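First, one chain by itself: the form predicted alone, in structure tokens.
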């Protein structure tokens, strides 16, 4: 009787949802809810819970930015740019028919779809049509795919998948192109693909999973740190393995997980950022009032920053004071509102409207006007002209700072609620010169 009741509960959880048909490729009833996976994979579920993958659909910044930028907007051939958003942020919903865009009615979205990038989306994948805008090919049902060749399970079938060991499974969503203009809005996978970590030498090759699915508390697992294996159980009744891929899916967002009571993932994001880059100061031309600062990408397998980098902010804060503590020079210091001054040296992407004018709204991005970011294992140097004068001994303090979005943009978007992205110090150097 208990076994029959258990099976009935599972059947209900797997099938009790509703869906539309406009983008339908797969039957919703073939996808398992995360609560089912949790029964045997509780440790992995706990890591995934309140991660940026699990919060992909409910992230308030994503929802506000996408709805505001895309409001009332259709582009060539009536293709809605919003499609690129929900495809990755609410993938099971999109592939089973609803939602088709971010403005769709929330109450009509199936419960399973609201779990963001979830277990059964990734573990039913068999490949992709192309590595951008989530062109994932799925085979939902009883077969679950992953990196183990010897996996066995009682509630479903298992199958080894080479695709799950490769970066291109991540590139499916971590490359985003404008659906009408083909502008590369996000290119994280391409940055890795064309970079030094995509090496033919197995000893030098590091995939996306090699960093982001090795990280755990105390081990940032970047290119500048050790990336030890994570021994343990992938399933409660499974064998002990030398490495179980972690599912914290930590990037650089130090706000959103904290809104969902996950201080751990906030701390892990900060640890990742603090092990991504280094600074050096060259004062060889200081008597000519020229200061040179080099910023090196030592830890990321992609550019710094990456993702939607017209919104991300990574910048240099330069403060110079004389021996009495008087300010001589300042650049990149935020004001009382948290806004950056115009002279700030910022590493980002600037999109254009196709006519040479800057646009913040990615739905209108027809071109890339500039891309000032730092490739993997590369350095960028800044030569700064200082105010001339005889100041005696002076202390030069330089910090590389990061936050996931411009505070000014966030304040413009949210009139009724205040969100403050924390500013994270990625690297710092100080030197005293004459």
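Every value quoted in this text rests on a predicted model; they were computed, and no experiment measured them. Residue numbers count along the first chain shown, from 1.
One more form of this protein, predicted in complex with a small molecule, exists but is not displayed; see below.
Within 4.5 Å of the small molecule in the model of the complex, a heavy atom is found for every one of 146, 151 and 170. In the model of the complex, the small molecule sits beyond 4.5 Å of every heavy atom of residue 110. Interface residue remark: residue 351 is not counted as part of the site for the small molecule in the model of the complex, having no heavy atom within 4.5 Å. Not displayed here, the small molecule is kept clear of residue 26 by more than 4.5 Å at the level of heavy atoms in the model of the complex. Using a 4.5 angstroms threshold between heavy atoms, residue 296 stays clear of the small molecule in the model of the complex.
Note on contacts: among 100, 292, 209, 331, the single residue with a heavy atom within 4.5 Å of the small molecule in the model of the complex is 209. Though the small molecule is absent from this view, in the model of the complex it lies within 4.5 Å of a heavy atom of just one residue from 266, 126, 319, 155, which is 155. Only one segment in the set 282-290, 321-329, 302-310, 339-347 has any non-hydrogen atom within 4.5 angstroms of the small molecule in the model of the complex, and it is 302-310.
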